[in-house]
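As a starting point, one isolated chain is supplied in structure tokens, in the form predicted on its own.
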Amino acid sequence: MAHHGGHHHHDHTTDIDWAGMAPLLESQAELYTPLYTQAMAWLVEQAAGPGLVVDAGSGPGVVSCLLAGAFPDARVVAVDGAGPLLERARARAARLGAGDRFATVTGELPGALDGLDRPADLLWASRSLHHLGDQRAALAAFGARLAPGGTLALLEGGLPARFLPRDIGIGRPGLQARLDAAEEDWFAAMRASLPGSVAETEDWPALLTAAGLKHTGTRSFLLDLPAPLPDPARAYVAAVLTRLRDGAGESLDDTDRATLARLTDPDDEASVHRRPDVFVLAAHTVHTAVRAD
């Protein structure tokens, strides 16, 4: 299960400086553009000629604009709870020449989808669902906002990103596997703390079917950026490891915390800013379903 990286990924809390975070969220989503482009090509095969495409949990609109490019005749609506991020989304769409068919709706999911002026022909939800307490109910709400024959594309799951070899020459081998375990603990705690949280088996095709939709496909898409990485990709790796370093707390031992400190110190020759063996390898999984009625 991969929870970080790529598209907009946050808890909708009011004390976060989204305007300050926007450049980082944008750069991370831009890094994953090759993966999203593959996913869009697959969606084009399934959802021919949609009139309205909705990005539910859009963040700063990087993927929203990719959707606009993949479906040049569609109107695109980006939906998110953070107004400053939607301002960035509108500006991006204007820069890319899609501003005249791009709109935004501010509000928390799934209720914000009530702000749409018509049902969606394609609704894209990338790692926004798992921030909602009752995922089954949210999926039903997503499905209810689809036009008959409309497609829901749900990006959830995949594989944790890998950045480093198992043995990096400092600390104990297997650091990223232990970071994965720490992040799973964080994710479980995050899910449990959500309002109305309901434990759910993450069988997404079954959940889509339970929501009254017809599951039509599941595919995983790969981001493969080999070493040596360019600076923007290194900055992404450093940002992820810094977040894990700051959030892992007591779940890591002293050796692993010291290793992370070195990996994230730009003045250290062993850091991800400098070492030649840093790469990015990640897989995201997309599940599609249609509203049959």
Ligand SMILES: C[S@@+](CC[C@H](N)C(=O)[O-])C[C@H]1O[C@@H](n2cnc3c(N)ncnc32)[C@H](O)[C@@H]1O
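Residue positions are given as counts along the sequence shown, with the first one as 1. Computed from a predicted structure; not experimentally measured. Basically, rigid core = biggest C-alpha set you can superpose within 1.5 Å across the two forms.
One more form of this protein exists, namely the form predicted together with the ligand; it is left out here, but the text below deals with it.
Subject >> Heavy atom within 4.5 Å of the ligand in the predicted complex - the one residue of L154, V77, L213, A82 that qualifies >> reply: Exactly one residue meets the criterion: A82.
**OP:** Answer with yes or no whether G171 is in contact with the ligand in the predicted complex, where contact means some heavy atom within 4.5 Å.
**Re:** Judged by the heavy-atom cut-off of 4.5 Å, G171 is well away from the ligand in the predicted complex.
Original post:
Is there a heavy atom of L132 lying 4.5 Å or less from a heavy atom of the ligand in the predicted complex?
Top reply: Yes, contact at 4.5 Å.
**OP:** Mark R145 yes when one of its heavy atoms lies within 4.5 Å of a heavy atom of the ligand in the predicted complex, and no otherwise.
**Re:** R145: no contact with the ligand in the predicted complex.
Original post:
Does at least one non-hydrogen atom of E184 fall within 4.5 angstroms of the ligand in the predicted complex?
Top reply: Heavy-atom contact with the ligand at 4.5 Å: absent for E184.
**OP:** Tell me the stretch among 82-90, 200-208, 68-76, 157-165 that has any heavy atom within 4.5 angstroms of the ligand in the predicted complex.
**Re:** Heavy-atom contact with the partner occurs in 82-90.
**OP:** Would you confirm whether the three residues L25, G107 and S128 all fall within 4.5 Å of the ligand in the predicted complex, going by non-hydrogen atoms?
**Re:** Yes, all three are in contact.
**OP:** State yes or no: after fitting on the rigid core, is the Cα displacement of L281 between this form and the one not shown at least 2 Å?
**Re:** No; that C-alpha moves by less than 2 Å between this form and the one not shown.
Subject >> C-alpha of A270 off by 2 Å or more between this form and the one not shown on rigid core >> reply: No.
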